[in-house]
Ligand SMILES: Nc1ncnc2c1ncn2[C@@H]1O[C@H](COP(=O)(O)OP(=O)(O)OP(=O)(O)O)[C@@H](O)[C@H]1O
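First, one chain by itself in structure tokens, the form predicted alone.
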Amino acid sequence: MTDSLLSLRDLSVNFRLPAGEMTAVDRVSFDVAPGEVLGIVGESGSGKSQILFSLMGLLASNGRVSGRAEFQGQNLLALSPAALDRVRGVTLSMIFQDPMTSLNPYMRVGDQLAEGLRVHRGLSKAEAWKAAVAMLDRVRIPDAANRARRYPHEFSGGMRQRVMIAMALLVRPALLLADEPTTALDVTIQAQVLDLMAELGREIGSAIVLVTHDLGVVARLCDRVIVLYGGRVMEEGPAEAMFDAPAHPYAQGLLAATPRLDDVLTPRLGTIPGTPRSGGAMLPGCPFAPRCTVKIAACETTQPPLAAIAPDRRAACHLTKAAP
């Protein structure tokens, strides 16, 4: 993808533990085009969030990242903390999973939004406050001018997540990272927040990388999807194509376990046998092999390459036919 906004190549994340080194992300590569919404899906422990944390320079102290992450001509993984600070909150923003632990409980919400504009855009206090109130109104916070003077604990969970969206998009970033942004919300509020995030992203022109375990969220919001398992990419392609005909056995299992309103004939949801893999030493073969019901001998011993199976689609499976 020659016009990539973000280009990851062989991104790996490892953690030093008392029992040894654990690999959370193993040589992941993908591209994000300007204005695109990319979904990264997989079970808990598949490495989804660690990809975003590594891009933001927010890995735990025992974490180590390698590879390249080219963003607007810079390798994010090689930037000094000071240089990364000039990117974070300016052209690269993030919405975290739990807004209550991400917002400062001792600062008024309006001040937290205005701070980014004063630091990164050089606005005066009055100008920044006015812009913060306008964005709170834009994300449909009722009585935004008065609510801006309140503290995070005075907002509901859905409203706090709207504040996080406002904070992330206020500086009009080129790329927005979203880590399970609706996990703690009920279904009705979740839909509102997702639609709002997509609407503002289109309005501002931001590309979005959305981490989630919910395929319904992907179907609602994403142009393209990456399926992760055990820190590796199992499948990648347009969201519509993957939902219509998933290629990898793991992607097939995820979709079979997802309720569908248009399928009233299937009496029970599918299940994936075994226990999800979450880090540890890398297996010589496919990480999904211990749970795969269609595996062959090669799956246990040889890692399948992530190969093209159709235009703009890739899968890492010995049983998947490569594109001619």
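What you are looking at is a predicted structure, and each value in this text was computed from that prediction instead of being measured. Heads up: residue numbers just count along the shown sequence, starting at 1.
Heads up, the form predicted together with the named molecule isn't pictured, but that's what we're talking about next.
The contact with the named molecule in the predicted bound form, taken as any heavy atom within 4.5 Å, belongs to His213 out of His213, Arg118, Arg138, Lys130. In plain terms, the part of the chain that comes close to the named molecule in the predicted bound form, with a heavy atom within 4.5 Å, is 45-53 out of 45-53, 284-292, 66-74, 28-36. Using a 4.5 angstroms limit between non-hydrogen atoms, Ile309 is distant from the named molecule in the predicted bound form. For Ile296, no non-hydrogen atom is located within 4.5 Å of the named molecule in the predicted bound form, even though that partner is not displayed. Although the partner is absent here, Ala24 is a contact residue: one of its heavy atoms lies within 4.5 angstroms of the named molecule in the predicted bound form. Contact between Ala257 and the named molecule in the predicted bound form is not found at the 4.5 Å heavy atom cutoff.
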